[in-house]
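Next up is one chain by itself, shown in structure tokens, the form predicted on its own.
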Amino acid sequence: MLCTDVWTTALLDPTGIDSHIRPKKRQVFQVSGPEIGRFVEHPMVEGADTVPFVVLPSHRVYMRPEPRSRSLWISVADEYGRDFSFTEDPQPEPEFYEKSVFPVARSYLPPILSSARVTSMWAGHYAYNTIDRTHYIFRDLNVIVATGTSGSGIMKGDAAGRIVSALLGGKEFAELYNGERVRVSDLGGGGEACSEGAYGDLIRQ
């Protein structure tokens, strides 16, 4: 069984089995400053204790408040110009924040971000099923593969786990949390791989 996301392709390539996923580098920048500290502590919504998670309309730059450090975590899912290369230890790119992320964020919040500075940053990889961005679960001979979980793993993890368990246990059906049942044989087998995207409505529940 392989539940190895961005490492899946390298592990399966020598076997001739297609993993159907590709890696994309993603970066997060922690931005701090006095104005950001005050902004993060402003709830905006009654009953909340911090500013909400914000997705800016332009370029889908998003900002997550981090109250403990009085900072914002800022990132963007940059698709175009971001290749599918994979490295074991991906490094964040300060120039990517300065030239691609900061100008967009500052245009929406100039008083808050103009004097801010990057105090930490890190990078990793998303594992994408490039067909429909959902989990990809299949069996090929005696190998079960569950991959492509990035971006929606926490939302679909329960359903994906139930389907993997049913495949592993040789069951005819996998029963999802809401009682819906998926016929395991419909997912493919004997060398035929099939995305769980066909069950998107069920998986998302």
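Because the structure is a prediction, the values reported are computed rather than measured. A residue's number is simply how far along the shown sequence it sits, counting from 1.
Below, we refer to the form predicted together with a small molecule, which is not included among the displayed structures.
Considering the small molecule in the predicted complex, the lone stretch of 172-180, 137-145, 35-43, 22-30 in range is 22-30 [heavy atom distance within 4.5 Å].
Contact between residue 153 and the small molecule in the predicted complex is found at the 4.5 Å heavy atom cutoff.
When contacts are judged by a 4.5 Å heavy atom cut-off, residue 126 counts as touching the small molecule in the predicted complex.
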